[in-house]
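Quick heads-up: it's one chain on its own, the form predicted on its own, in structure tokens.
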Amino acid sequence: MGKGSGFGKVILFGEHFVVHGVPGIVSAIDSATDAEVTQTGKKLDIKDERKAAKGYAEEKRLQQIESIERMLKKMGLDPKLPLKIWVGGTLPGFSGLGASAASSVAIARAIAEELSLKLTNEQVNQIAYEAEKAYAGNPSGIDNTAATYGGLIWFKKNLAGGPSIVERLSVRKPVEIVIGSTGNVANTKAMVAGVAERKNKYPEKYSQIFKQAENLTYSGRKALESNDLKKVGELMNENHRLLQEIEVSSRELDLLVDIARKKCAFGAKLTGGGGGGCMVALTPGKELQEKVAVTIEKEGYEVLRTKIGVEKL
């Protein structure tokens, strides 16, 4: 039996914008997806036991099968190779947490171990990127990079098709956050396509927004590296406003963001593809984290208490 794991993630700055070459900052969280793989000699058999938003597994099932086929082909294997795959772990199947990327990394590592393949982290990352195409259509690569390497990462996609820029950033210590789930399963592929369509339709408006997003990400890096968490929070709030402007937020996401801010979160924004999924609130310290989490739970939403800047599973 082969085993593997992949980090969950939150994007602190730049989702959607990274697809178009704007830098982004992503952080692994201390929740992960685990996978186990055995060769069955029969057919592909996937048992997904992750805690998930209602309908998540069903919504993603065909994409999951396609992702595994893409993964096997990238590894030079028969895309119809009969495998028995179990998926679980502490990372819930909520849209926006990089759940698909985390599972792709975990499954790739488990397949490699089961078949005695020696893969570097870079190879795992490339395989997971190929798998992500099943979920996102035109993925930026930011999710699978965080899922593979962990930690805090500066990411800039190479639009010419070459290697993306990936730099390790650091924080003094992992910082508490609250992730609130809307309970709605987001279609990342559709959200990415929608932004691209509107960007082509309104080039001047979107050019200005994308420039603001780029400047904001550089400011976010500076604030993180100087451990100015108040500033990080303010910039997260501004990032959410830009995401609203490109029409990827939702009523439920805006509600969760407002709840977190009213309970003194340093900042809050949607994370991931939007249109549902999750928001992330910066809540340094256990006390603030708990206050925000409990308030969101009282409103009937599920939460995940976790940390950013995590480098070990």
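Residues carry their position along the shown sequence, with the first being 1. Treat the numbers as computed from the prediction; the structure is a model and nothing was measured.
Same protein, other form: the form predicted in complex with a small molecule, not shown, and the subject of what follows.
- Using a 4.5 angstroms threshold between heavy atoms, I142 counts as touching the small molecule in the model of the complex.
- Proximity of V19 to the small molecule in the model of the complex falls within the 4.5 Å heavy atom cutoff.
- Taking the partner from the other structure, the small molecule in the model of the complex has no heavy atom within 4.5 Å of any heavy atom of V292.
- Of the heavy atoms in V192, some are within 4.5 Å of the small molecule in the model of the complex.
- Picking from 28-36, 282-290, 249-257, 269-277 the stretch near the small molecule in the model of the complex, with a 4.5 Å limit on heavy atoms, gives 269-277.
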